[in-house]
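Shown below, as structure tokens, is a lone chain in the form predicted on its own; questions about how it binds or moves come after it.
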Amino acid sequence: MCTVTPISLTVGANRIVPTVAIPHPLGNPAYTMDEELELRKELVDKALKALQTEVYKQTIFE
């Protein structure tokens, strides 16, 4: 999970899950607590699916 995908590509990460923003990678201060919880669940779910996916080259999971 990262906020700046080009850096992850440069260092050779195999699985890249983009997050929200550099100061708030797994959240958004403008969201309500419930909205932020849902956002976090979605990001973590996406990351878990990325770990379960077989990859053969660098892959960004949008």
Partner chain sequence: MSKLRVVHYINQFFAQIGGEEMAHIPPEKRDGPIGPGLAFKAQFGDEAEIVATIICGDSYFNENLDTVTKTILEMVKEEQPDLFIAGPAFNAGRYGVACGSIAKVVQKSGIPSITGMYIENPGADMFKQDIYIISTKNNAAGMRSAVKDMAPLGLKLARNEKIGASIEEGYIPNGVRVNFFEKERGSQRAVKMLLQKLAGKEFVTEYPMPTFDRVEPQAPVEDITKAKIAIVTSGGIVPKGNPDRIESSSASKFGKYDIDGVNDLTAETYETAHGGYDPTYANKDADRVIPVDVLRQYEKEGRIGQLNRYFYSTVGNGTAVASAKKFGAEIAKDLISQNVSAVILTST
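Positions refer to the first chain, counted from 1. Bear in mind the structure is a predicted one, so any value in this text is a computation, not a measurement.
Absent from the display: the form predicted in complex with its partner chain. The rest refers to it.
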field: Contact label in the predicted bound form: C2 to its partner chain, heavy atom within 4.5 Å
entry: yes
message: I'd like to know if P25 sits close to its partner chain in the predicted bound form, meaning any non-hydrogen atom pair within 4.5 angstroms.
response: yes
- request: Would you give me the residues of 48 to 62 that have any heavy atom within 4.5 Å of its partner chain in the predicted bound form, in order from first to last?
  value: L48, L51, Q52, T53, E54, V55, Y56, K57, Q58
